[in-house]
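Let us start with two forms of the same protein chain, each given on its own as structure tokens and named structure 1 and structure 2.
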Structure 1
Amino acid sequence: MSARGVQWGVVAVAAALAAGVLGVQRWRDGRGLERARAAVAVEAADSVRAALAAGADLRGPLARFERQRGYTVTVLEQPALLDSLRLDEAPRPRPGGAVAPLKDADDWDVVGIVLVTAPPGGEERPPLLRPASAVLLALLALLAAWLWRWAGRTPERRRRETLTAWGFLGVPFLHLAVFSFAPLAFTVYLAFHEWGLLEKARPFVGLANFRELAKDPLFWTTLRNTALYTTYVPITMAAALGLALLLNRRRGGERLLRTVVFLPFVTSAVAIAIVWQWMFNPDFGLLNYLIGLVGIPALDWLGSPHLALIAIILVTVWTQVGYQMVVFLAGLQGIPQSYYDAALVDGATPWQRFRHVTLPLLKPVVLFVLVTGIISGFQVFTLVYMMTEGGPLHSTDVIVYRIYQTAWEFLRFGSASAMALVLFGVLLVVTAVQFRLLGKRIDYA
């Protein structure tokens, strides 16, 4: 494609994206106007019902309402619409306004319809361009200008190679933009707003959600529990490395054992939680039966604040050890046999071969397993949700479960988003520290 064709293609795509931004803004402004009209219609219906219950003439209250709110209020008689409103008792938009159900004095049955309409120029019109849309359009214009300049100055061969590469990357990038970058941006937006499903007003509150978290002792408890839970990572790594060393052979028996150890990792977490709940049962669980054989009294694994988190860690170790074993096996089988032969010639013992050959060459694998294990540990949810629901006494209340509960049980999406950003920051810092401490010591020979 010629440089001029690429440049005009950039202009066409930028124009389409700009139209999309303005269209989304117009749609959101329209929805906001509909919600505002519906709220006014409900308020008007309540005023009409109060006036009727008091036996007053409607003309006075309605006139005062119209002067104060700037809407014209009319009581309608439309049987078809009345029957429709009786079904859901919810306001709905109408041309230039909204209708709301008028209920009787007992607030039991819908007996009428109240229509509110805005006179011409009586409503505040939304701005042509909101700040967020203006920022997006400005960034889009800068990007389009840069691409126009790039297309004009880049040689044809390089331009063709770059466009081909972006042709392959375009669909995955679009997928990431829609399902990863956009939700992340919306989460950041929510974290700075008081956002609830039940409230119509969603004001900007700045850092108030973060200050509320800093003062919430339960939030710090969830962070502590999450940090304690991630101690399963070094335990699982040690067990997985030991199993990998034992099963690092190519015979049939070892392959079968690898499959058996790996199976819990690919099994449904919900099914695993249900099975282990039965095994942890204080009355007829398998674990209490086994420890009873050696004289240990029965333990309330999931009902004790001191044991519940340990029980979940045991389940996690059992499910994760197979995956980490497979990763360590891949690392072990990538070490050249000549290194071990040279160590044998020098008279190295098995421990010396492990310490001076195996472990140094496994450091990249160890770093990978450690980083991914810590990230996975901070995101634990299913086992806690299924087995303890954060109890007893918040002893297993972890941060992701707290985010879920705050958002979908308490309907406080602003606070939940603030917690999600804090979790993101914690993981970013922990991962950076791990790479800084271990990454420089790794030899990728």
Structure 2
Amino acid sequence: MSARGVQWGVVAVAAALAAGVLGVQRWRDGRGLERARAAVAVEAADSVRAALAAGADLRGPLARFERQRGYTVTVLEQPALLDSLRLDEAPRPRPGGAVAPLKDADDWDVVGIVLVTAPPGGEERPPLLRPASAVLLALLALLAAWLWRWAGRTPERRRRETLTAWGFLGVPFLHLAVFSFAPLAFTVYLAFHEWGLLEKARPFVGLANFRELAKDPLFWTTLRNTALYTTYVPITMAAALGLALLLNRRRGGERLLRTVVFLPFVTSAVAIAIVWQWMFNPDFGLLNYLIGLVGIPALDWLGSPHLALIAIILVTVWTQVGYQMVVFLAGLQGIPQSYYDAALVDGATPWQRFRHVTLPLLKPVVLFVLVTGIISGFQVFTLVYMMTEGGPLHSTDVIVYRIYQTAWEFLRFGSASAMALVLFGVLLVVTAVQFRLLGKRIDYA
């Protein structure tokens, strides 16, 4: 395609997008106007009802209402036709109007409807360009200008390559933009707002959500529990590394074992939670029976605030050990045999070989398992949701479970977003610290 063609294509796409932005704005403003009119109608219905209840003549209050609000009010009393269930059969409001049910003095039966109509030019007109759309349009224009310049000064071959690449990348990237990048920005926006599902008002509250978190002892408890929970990572790693070293020698049985330890990793967390809840049953569970065989008294695994988190850690170790073992095995098999031969010639003991050959060369793998393990550990949800619901006494209340409750049970999306951002920040810091501590001294073979 010629440079001119690309440039005009850019302009056409930008114009279409701009029209889309303005269209969405218009549609939203229209909805806002409808909502405002509906509020006026409800207000009118209330004043009519008050007048009816007082037994006064309607004309006086209506005239006053019309004068004050600039809307024409019509009252249709149809007690026989209308009840609260058939309001949808009421006359449709004309453009620029709205209806509200008129209820009797007990606020129970619908005795009529109130129709309000705006006189021409009587309403506040929405602005032609809202700040948000202006920002979007400006960004769009900048992008278009940049693309225009780029198309003008780039040689034909590179231009074609780029167009081809975006042909391949377009759909996946658009999806990422809509469902990953935009949501990230949206979460930041939400964290500074009060945002419910039912309330129409969604006011900006500044840092109030974060301040509320800082003062909420339960939030700190969930953070502490989450951090305690992630201790499963080093425990699992030690076990998985031991197993991998054992199996790396290939003395038979390793295929069976690999299949078996991998089972929990492919099983769903919901099923695992159900089974283990039954295993942990204090009276009839298999676990208490087994530890009873070696003389340990029965424990109330999930019922005791001291044990519940440990029980969940236990299940997680059981679930993750197979996956980590497979990763470690792959790492071990990447270490050349010649290194061990050299160590043997130097007379290194098995421990020395492990300490000075295996461990340093395995460091990138260790770092990978540690970092990804802690990231996923901070996000534990299903086991807690299924097994303890955060209890007893919030001893297993972890942060993602708390965020879930705040958003989808208490419908406080702003506060939940603030928590999610805090979680994100904690994860970034923790990951950076791990790279700082372990990442530097990686000895590449």
Partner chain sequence: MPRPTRRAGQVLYGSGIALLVFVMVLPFLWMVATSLMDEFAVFAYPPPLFPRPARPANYLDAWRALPFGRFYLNSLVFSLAVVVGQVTTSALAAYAFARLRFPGRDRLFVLCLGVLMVPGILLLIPRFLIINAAGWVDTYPGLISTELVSVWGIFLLRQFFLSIPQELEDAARLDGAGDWTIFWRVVLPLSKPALATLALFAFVDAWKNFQWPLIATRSMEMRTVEVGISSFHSFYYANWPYQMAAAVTAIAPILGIFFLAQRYFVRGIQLTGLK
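C-alpha atoms forming the largest set that superposes within 1.5 Å between two forms make up the rigid core. The model shown is predicted, which means the values in this text are computed figures rather than measured ones. Just so we're on the same page, residue numbers count up from 1 along structure 1's sequence.
Undergrad: Just flag whichever of structures 1 and 2 is the form predicted in complex with the partner chain.
TA: The chain shown second - structure 2 - is the form that fits the description.
Undergrad: Which of the following, 56, 298, 178, 338, is found at a hinge in the chain, given the rigid-part motion between the two structures?
TA: Considering the domain motion between the two structures, the hinge residue is 178.
Undergrad: Once the larger parts are superposed on C-alpha atoms, what angle in degrees does the smaller rigid part turn through between the two structures?
TA: Value for the rigid-body rotation reads 5 degrees.
Undergrad: In Å, how large is the CA movement of residue 138 between the two structures relative to the superposed rigid core?
TA: Residue 138 C-alpha displacement between the two structures, core-aligned: 2.6 Å.
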